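The chain below stands alone and is given as structure tokens, in the form predicted alone.
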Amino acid sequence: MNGKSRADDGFVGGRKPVGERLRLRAPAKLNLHLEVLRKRHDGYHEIETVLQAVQLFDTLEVTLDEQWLGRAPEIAIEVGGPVRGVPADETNLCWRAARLFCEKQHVSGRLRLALQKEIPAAAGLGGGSSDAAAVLVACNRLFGTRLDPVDLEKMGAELGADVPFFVRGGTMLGRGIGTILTPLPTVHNCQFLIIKPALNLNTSEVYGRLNLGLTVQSPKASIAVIKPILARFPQKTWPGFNRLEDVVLPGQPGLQRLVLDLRETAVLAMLSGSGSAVFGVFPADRDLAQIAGGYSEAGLFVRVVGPHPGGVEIMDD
């Protein structure tokens, strides 16, 4: 697709008023499986992962006040919500996504981003990546560039390995650095108890401590095997695991106890991504109020959510 806007007419003095706003939901994700195969020459790690979007959302409003010709975009961002410590400047992945979109598609204008954070940061839940994907989806609509999802995913890969997944979401097998995506059957009959302690973990540091000798002989994930098991998900026979637990849990005894406690009651439980959020998977009809309440009373972030069959959603449609 080309990067032209809906029309080059309507500009007066290189400016065209637009005044359009979109409101979007950006879901979190969980890793139902995460294996690290090797370290690449570019510093990234080759992985295989089963990604699952869940019904825990950030919300984002993106406003295009006017379009410009021959000028750099003006991008403003404000951040609200209960999650603290999220930057409201050009270091925010949303701001970077807006700038990248304008550069790649040769469009410009005054953009205002208003982000409400509900997904904890530094948790392995992909909130920042999902927010960035939401900005790409919004800009594509507001500028009328009509890129298809594959184009948006390729652009998102320049921002981070998790960003492409959130364009389509649902249940996906991720390969390469996580950007080579294959759709899998969406899980239905389950719910996820997500818990995050007051602990932030650095993804690059976690990967850096991984002993890749542990994974050399690991078998590669087979779609033929995964699909029928997902159809019966959740079951204790689920073969998924998170290799990063080998690095994270021994050094974080509190987090390790949390995972082990969850495994006493959940069908399966593990760290999501590089953490520090953990999750347990339960049947959809299980009443989790008492279990969730206990963790909440202990001062932990707790949410009970279902699977989300898609990715970023435009709420105004």
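Bear in mind that the values here come from a model prediction, so they are computed numbers and not experimental data. Numbers follow the displayed sequence, beginning with 1.
The form predicted in complex with ligand ATP exists for this protein as well; it is not shown, and the discussion that follows is about that form.
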Discussion item. Quick check on this chain: which one of Q235, N211, T91, T182 has a heavy atom within 4.5 Å of ligand ATP in the predicted complex?
Written reply: T91
Worksheet item: Among G169, G240, P197, P120, which has any heavy atom within 4.5 Å of ligand ATP in the predicted complex?
Response: P120
Fill in: Close approach of P87 to ligand ATP in the predicted complex, 4.5 Å, heavy atom
yes
Worksheet item: Using heavy atoms and a 4.5 Å limit, would one call G178 a contact residue for ligand ATP in the predicted complex?
Response: no
Practice prompt. Flag L125 as yes or no: does it have a non-hydrogen atom within 4.5 angstroms of any non-hydrogen atom of ligand ATP in the predicted complex?
Written response: yes
Worksheet entry | 4.5 angstroms heavy atom contact with ligand ATP in the predicted complex for T145 | no
Discussion item. Which is the contacting stretch out of 101-109, 227-235, 147-155, 129-137, given heavy atoms within 4.5 Å of ligand ATP in the predicted complex?
Written reply: 129-137
